[in-house]
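Take a look at this one chain, the form predicted alone, written out in structure tokens.
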Amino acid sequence: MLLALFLFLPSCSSRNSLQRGILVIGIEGNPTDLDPRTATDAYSNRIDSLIYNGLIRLGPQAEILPDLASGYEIRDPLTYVFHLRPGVRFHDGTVLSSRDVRYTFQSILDPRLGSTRAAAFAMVRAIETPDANTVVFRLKEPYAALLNALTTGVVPSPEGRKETSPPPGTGPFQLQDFRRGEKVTLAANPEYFEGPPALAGVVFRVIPNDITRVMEIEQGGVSLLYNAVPPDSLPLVEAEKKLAVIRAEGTGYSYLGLNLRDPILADPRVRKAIALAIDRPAIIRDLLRGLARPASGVLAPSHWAYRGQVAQFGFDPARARRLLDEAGYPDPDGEGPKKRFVLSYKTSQDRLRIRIAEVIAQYLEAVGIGVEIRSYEWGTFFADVRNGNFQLFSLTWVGVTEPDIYYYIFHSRSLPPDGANRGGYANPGLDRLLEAGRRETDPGKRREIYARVQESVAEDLPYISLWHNEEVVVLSREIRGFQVYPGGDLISLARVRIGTSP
């Protein structure tokens, strides 16, 4: 059993961890679920990418590459055949077979699992396993996003083995310990099919406090922070000779989420007024210190399907007030605070997130909208978002590569747990476009469809777009080979080594 090989790994949080080949990473929030079939938060997904492999993986430029599949062929628009790498083993020592692949995706489609990834595989009619190393996906109709969806980590079939939660993976690192709210400890997989990692292990320490995270990396308690340094602290960190800072254009999309079941927010005039009341360039300049650029939609300008010519709602408080008047919420008269209505705004306990919420609240209050800010521990906050228990919230989508994400977050059938339409948005015209975008395999025609999707969403505002975040990584200069991926993936840790020489 491979598991026995990992038990030597000591608990590590001290600053000499790098000398033992253990990389300690500080993260802001607690991962909630390390099963790749059901994980939905960014912390869990990033850690899962080190524990599990999909049939397919994305390269540094989001290109489609084989992973557990040594190759694949598209025999026709409805038939995809994958050939598995021979001899790949799960962390419990058992050999990967086509049976495991079939089980993984059939379980995702099983409503009893409650996977939000189910909608991504709704086009699958059957999964066949003609032999141990061949998997055939047969589709009901053409589905352009299938390869991207097959980056989902593969887990073993429970048949003939003891089930564990989370299940074992095949990735470069093995889960050793998961202490919720504290840390996740991974150990190197010496039998990884691409060769064992140079690192002995990776530890993710949950450090919600901004100041503490910065102090930890300056003092050596952690060796890497990924998008986890407050913009105000970045100049101080950059001045540290023992630390390096990597900055790169990112695809992360920050937004203001709205509960469209709420009678106030169901009115598009109110949503547009909220968008017009927020001075996004000022927030980017003053709070984010320029580490972002205004967003017009989910897709970043570098994306192949990006459409820039869409409805824009720049800072215009006077127009916001007029729209609120038209929506039936005039400025109240009389003594005391003048509020047209009051909204609850939920966020995490991250200091920067709270500060952003405070500034957005000030902008909304300037046009007569009262805001009550409520901050919660990450797990509690994210559970409320998933359950639709909010009026307003702010979050960031990371790893945006496939425009089919619009189906996942805005199609009327993508309500949790089947998808991430947490605000209950319903637009029959958009639904038809999203369904057409899934079926169309011609890149040019897909681009035209998603241009119309972006135009529709920008006009109706089920989300209020804020900005695309810049990727900022702070790491010890002893870390060699770390590569920034546009979606924030950490898979390059499988190739990282520790050393003082170039």
Partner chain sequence: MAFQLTNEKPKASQGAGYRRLLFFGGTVVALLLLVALFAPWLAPGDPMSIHLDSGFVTPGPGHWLGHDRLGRDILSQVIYGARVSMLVGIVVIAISLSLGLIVGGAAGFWGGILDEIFMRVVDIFLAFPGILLAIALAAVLGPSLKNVVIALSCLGWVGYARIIRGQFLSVRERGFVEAARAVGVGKLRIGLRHILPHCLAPVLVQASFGMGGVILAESSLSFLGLGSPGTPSWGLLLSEGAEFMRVAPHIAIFPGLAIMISVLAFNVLGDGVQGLLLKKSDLFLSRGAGKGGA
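Treat the numbers as computed from the prediction; the structure is a model and nothing was measured. Positions refer to the first chain, counted from 1.
Note that the form predicted together with the partner chain isn't included here; everything after this is about it.
- Remark: all three candidate residues (D232, I283 and D286) come within 4.5 Å of the partner chain in the predicted bound form, counting heavy atoms only.
- Stretch 275-283 is the answer when you ask which of 423-431, 176-184, 275-283, 323-331 has residues with heavy atoms within 4.5 Å of the partner chain in the predicted bound form.
- When the partner chain is considered in the predicted bound form, only one residue from E128, E141, D92, E358 comes within 4.5 Å through any heavy atom, namely E358.
- A heavy atom within 4.5 Å of the partner chain in the predicted bound form is found for one listed residue only; from S302, T79, Q362, Q106, this is Q362.
- Under a 4.5 angstroms non-hydrogen atom cutoff, the partner chain in the predicted bound form has R351 among its neighbouring residues.
- The partner chain is not drawn, but in the predicted bound form it has no heavy atom within 4.5 Å of V203.
- Mapping the unseen interface onto this chain, V245 falls outside it, with no heavy atom inside 4.5 Å of the partner chain in the predicted bound form.
- The partner chain is not drawn, but in the predicted bound form it has no heavy atom within 4.5 Å of I369.
- Looking at 198-231, the residues that come within 4.5 Å of the partner chain in the predicted bound form, counting any heavy atom, are I211, V214, M215, E218.
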